[in-house]
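A lone chain, given as C-alpha cells: the form predicted on its own.
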Amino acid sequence: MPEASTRPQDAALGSGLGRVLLLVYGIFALSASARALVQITTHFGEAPLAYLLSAFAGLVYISATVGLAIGGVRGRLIALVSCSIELLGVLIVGILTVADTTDFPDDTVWSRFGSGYGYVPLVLPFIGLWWIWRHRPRA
C-alpha cells in the first residue's frame, strides 16, 4: 500500500506564522475578488481601469495563497511570482494614484499603497517574500 503523500516542509500551513500569513492572503484573495466582482457588475463604466486592477489584484492574491499553501518547488515558484507581481503592483498603482487621480476615479486594493486597507497591501508582499526566502530548501 503506497504511503500517503505529505505536505512539503516549506508549505505555510506548517507553522503558526505561516498559517496567519496564509489566512491574511486568503482574506485578501476573497475581499479583492468580491470587490472587483461587485464593481465590474454594477458600475464598470465609471472606472474600468480601477475595477480591472482590483480583479487582477484578486487573482494575484488567489495565486499567492495557493502557492504558499502547497509549498514545494511548484508552490514556491507560484508564491514567488505572485508576491513579486503584488509588490510591483502596489508600488506602481500606489505611485500612479498619488500622482494622477484622474485615471483612478475610484479606489483599487492597491490605491495609495493600500491606504484603504490599512497599508496591509504594501507590507504583505514583503512578508510573503521574506517567508519564501526564509523557508527555502537548504543545501
Partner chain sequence: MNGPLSVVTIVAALVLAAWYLLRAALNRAPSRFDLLAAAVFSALVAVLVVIAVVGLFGDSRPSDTATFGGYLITTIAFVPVGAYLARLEPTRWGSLILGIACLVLPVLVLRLQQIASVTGA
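Residue numbers count along the first chain shown, from 1. These numbers were taken from a predicted model, which means no experiment stands behind them.
Omitted here: the form predicted together with the partner chain. The next part is about that form.
(request) Go through 24-32, 74-82, 61-69, 46-54 and give me the stretch that gets within 4.5 Å of the partner chain in the model of the complex, heavy atoms only. (result) Selected range: 24-32.
(request) With heavy atoms only and a cut-off of 4.5 Å, decide whether V123 touches the partner chain in the model of the complex. (result) It does not: once the partner chain is placed as it appears in the model of the complex, V123 has no heavy atom within 4.5 Å of it.
(request) State yes or no: in the model of the complex, is some non-hydrogen atom of V38 no more than 4.5 angstroms from a non-hydrogen atom of the partner chain? (result) Flag for V38 set to yes.
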